[in-house]
Each structure stands twice: as C-alpha cells, then as structure tokens.
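In what follows, one protein chain appears twice in different forms, each by itself as structure tokens: structure 1 and structure 2.
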Structure 1
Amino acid sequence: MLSTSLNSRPKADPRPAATGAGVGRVELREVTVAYGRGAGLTETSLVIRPGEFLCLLGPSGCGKSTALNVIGGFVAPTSGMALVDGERVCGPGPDRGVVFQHYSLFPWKTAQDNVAFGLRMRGASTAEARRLALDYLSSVGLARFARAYPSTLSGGMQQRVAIARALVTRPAVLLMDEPFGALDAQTRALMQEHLLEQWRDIRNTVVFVTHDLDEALFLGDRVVVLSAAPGRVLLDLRIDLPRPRPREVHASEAFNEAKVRCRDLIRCESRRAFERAEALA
C-alpha cells in the first residue's frame, strides 16, 4: 500500500526557486526531425512561457517524445532549432530535468543515492545531498526504501524514485515523458497531485507528454495536440480551470468540453494515420 507520506511536502529547502522572471522559457522554431518515411516532426513551432505547465497530446508516433527529446538536447533537429531562455539547445544541460517513460536508475546505487546524484554533480556536500534526497523520497512515499537498490523495487516504485531525482534539483525546465504510465490508478492520481504541489512551490516550466486526456486536462495550463506523424501543432488549447484543481473538476462542463474537442481531433488523426499505413502496406 502506498505510504500516506506521499501527500507531505519536503522539509524547508534552502535552495532558491528554480525560476524567476523570464527563466524557463522554451521555444521550438520550425523544428523538423526526419527519422524516415512519415516519422518525426515537421516545421513545428511552439513557445512555452516561464513557469507554464504544458501537456503534449496526439496519436501514437506523432512526435510527442521527439519534441521532448529535442528540448532536452538528446535529439538534434534536421532543421530549425530549440531554445531555452534564448540559448540554442545543443545538448543536455542541468537547467533541464528529465523523467523518461522508462525509468533509468543507476542499478548499483541505492534509491537515496540515485536521487542525490544530481545534487552531488552540482557541488552539494554528501550530507546535504543525502538529506534532500531522503526528503524527496519521503514526498513520493518511499522514505523506508531509501537504502533499497532498484532491482528490489517494483516498476512503479522505480519510477517514483526517478521522479524524485528529477524534482530534487529544481530544474528551470522539467521534461516528463509519460512518467505515470507504469503506476496503478490510485498511485497515479496521488502522483499527479504531488507533482502539482511541487510545481506550485517551484514554479518551473513543465513539458509533460501523455496519452491520457484526463491527465493532460487535469495537470496542464495548456494542452497542445500534434497531428499524426510527421507531427505538427493542430491545436493549442488554454485550459481555463481554477488552481488548485480538485478532482471534482473532471465533472465540470468546461473540462468535458475540452476533453471532447481533444478526443475527436486525436481520433480523426489516428484514423488518418491508420488509413495512410494501410495504403502504404
């Protein structure tokens, strides 16, 4: 059973907030990524304001993860560019934290040392890094597993360690690629609420990839829907729902109107992708 400590926040943190005025601005300028026939992104432009929570939706293979990897510096565009705070992205950097779809923990390090790793790389003392790591493990309900190795943890627990590792460094931009996909429904809902709590405290920029419409609408300030591959922006929808958002917001008229609009568009694009694949077969 998930520890109720998931709902608690880490202790007071001496570090400054991740963002200030103008920090965490993300921009894609006419980005094309050509992987092969009908794949990647095409001339995709997008501006994400500092402190904004943006969710990326679209049919499978539309380029959501590709867009995230371009911002993260893991994939170089075929043409166009990504910028963070006006600087061209040429590779990964400490200003961008990433939670991948498949947790990528160091198997030889304990959960606590995995979370502490980024802090140590930034010059924090061993004691301070381990203290903060324990605080963040506690915030995701895993304090009692601090000394456990990844191989002894379930997939969902490993992903929560990976999320704590990304949050603890308080990056200006947090990139998340379906981070809750491996979690059961109850834990997923709790982790969504925990992420929003952390985001309200840190006010960093979040780019969140998901296939789950309800998740995107519950979390995001904006929802961007990409077309079938090669991906391009079809819809850029501002979510005018109050924050903090209670779970009851799912039943609101505004929530369901936005859900129907996004769902119908994604369904149409998925059908188009299927018909195109059939024609090429």
Structure 2
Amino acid sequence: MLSTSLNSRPKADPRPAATGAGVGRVELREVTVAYGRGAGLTETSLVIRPGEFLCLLGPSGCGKSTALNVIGGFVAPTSGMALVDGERVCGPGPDRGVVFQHYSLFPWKTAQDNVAFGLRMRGASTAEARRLALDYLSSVGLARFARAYPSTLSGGMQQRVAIARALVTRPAVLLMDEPFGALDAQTRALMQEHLLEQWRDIRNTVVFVTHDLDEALFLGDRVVVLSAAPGRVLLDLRIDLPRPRPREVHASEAFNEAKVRCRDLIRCESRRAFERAEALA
C-alpha cells in the first residue's frame, strides 16, 4: 500500500466521537418511492431517536429495504425526504455506515485493508489507518484474519469484517440490510450476539432490516412492521427487554407476548400481499 502520506496529512482524528452527544437522529418525512410494482413506499413517516436500535420488519416486498436505501442515500425518494440530524439526505455519506446482506467487502483488499479504508477516507494516513484497523480487528477477535482476502473467509467471517469496517469509524448511524440473511441458523445466532457486543461500546443509531421476527425482537429497542406494498408503518412496538440480552431472553414472557402480536400482524399482511399478487397475475 501507499505509505507516502505518512507525514503529509494533518493529524485529523480519524475516529471522531460521533456518538453519545445525541447525534444520529433519523427521520423519514412522508417518503414515497414509486417503483414499477411493489417494494415501494407510500408517504411513510418514521422518527428514529439517537442511539436507538430499530428493526424494520415485514413481508418481502414491503419496502423495508427501500426505506433503508433512502436513509442510506442509495435511492432518491419520489417525494418526501430523509433527514439525518436535521440534514436532508442527498447521497451516501460516512455518517451512515452500511452492511449489506451479500458480502460487500472489497475482494482485492485484505480484511485489514478493508477495515482501514473508511479510516483513510476520513483523513488518516495509510499506516495509521492500518494500525487502527488491526487494533479494531483484534478487539473483535479477528486479528488472525487480518491478512486474509475475503474470498478465503467463510460467510460469517466476511460479515464480521464487514461490521468491523462499518463500525470502526464510529458512524452516527449504522444501516444493516438483512446482514445475516444468508447465514445458517447457528452462525446467525452467534453473529447477533457478536453485533450486540460491538454495538454496546458505540451505542449509535442502528436501522436493521430483517424478515426474521426472532432476530428483530432479540436485537431491537423498537420493532417497526411495514405493511405489504404500498409500504406503510403498520405496527410500532417498543421492546423493553433488558440489555445486555442473554440468549435465554427468547424464553421470556415479554418476548413471547411481543412475538405473538407481531406474528399475527405479519401473517395477515403477507396473506393480503399474496392475494393482491394473485389478483394481479
């Protein structure tokens, strides 16, 4: 890698404390996204408080990924707007880290250089960024994979590195689009705990899209269920389970109560979506 920039840049702190000071407020203001059919949003409004872990849940095609992409700046709304800390979203930015379902690590960079990338973009010299990246990988138990290229890592490992890459710069908001959707059940359970552990130190705002109800209830402070196309907020549920959450929380009364409520709603919605699709066909 280039190391010429070792002394040439001013020593900007590559890890600004983006969190903790009430930053990371996300708002969708009457957002409509018109797509050919389905997966759009209709005048959806939603406010996510700083430091809140919000899970977006719903049947496939309800526009939950679309909502996340609007916040991320990857999709421009047809009308309405997304705001992050009062500023209108016009495109992707380093204040919003992203983890996609399919591994989007840079295949030509080692795990360490993937994690270092965001730090370098924030003004750290290459050497400094690589050192911080290695520190971070060590802190999340990935030090021995630092020099591995993504294609030599398992799916779960790749997602761990992707989470590290998104969190190392301590963005105000973390956007996750079904990040564990392609993993097997055991790996998935481990990854959920791994994510909560990493998040505990940062406590930034998280928007986590999933279609797995258990996952949403285990992770979130709040679960929002979107209706089938056109996507609208159907249910907005506070999850008052204590943190840190052990696995056993799955067996608790509160967990089950929330689960039953969400499940019935989602089932009802899925049927509606299915019938509508049938009618269109």
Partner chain sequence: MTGAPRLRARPSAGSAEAASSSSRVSWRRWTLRALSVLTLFLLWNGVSAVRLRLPFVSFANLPAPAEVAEAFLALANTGKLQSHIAASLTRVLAGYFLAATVGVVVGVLVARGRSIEDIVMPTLELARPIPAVAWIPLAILMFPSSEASMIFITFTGALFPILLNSIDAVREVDRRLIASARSLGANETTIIREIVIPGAMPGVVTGLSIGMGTCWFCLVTAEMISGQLGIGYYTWESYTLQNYPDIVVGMLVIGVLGSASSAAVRGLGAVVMPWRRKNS
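Quick caveat, the model's predicted, so the values are computed rather than measured. Between two forms, the rigid core is defined as the largest C-alpha subset superposing within 1.5 Å. Residues are numbered by position in structure 1's sequence, first residue being 1.
Undergrad: Give me a 1 or a 2 for the form predicted on its own.
TA: Of the two, structure 1 is the form predicted on its own.
Undergrad: Could you check whether the CA atom of T210 moves 2 Å or more between structure 1 and structure 2, using the rigid core for the fit?
TA: Superposed on the core, T210 moves its C-alpha less than 2 Å between structure 1 and structure 2.
Undergrad: Any CA movement of 2 Å or more for G141 between structure 1 and structure 2, core superposed?
TA: Yes; that C-alpha moves by at least 2 Å between structure 1 and structure 2.
Undergrad: How about D184 - superposed on the rigid core, does its CA move between structure 1 and structure 2 by 2 Å or more?
TA: The answer is yes, as the C-alpha of D184 shifts between structure 1 and structure 2 by 2 Å or more after core alignment.
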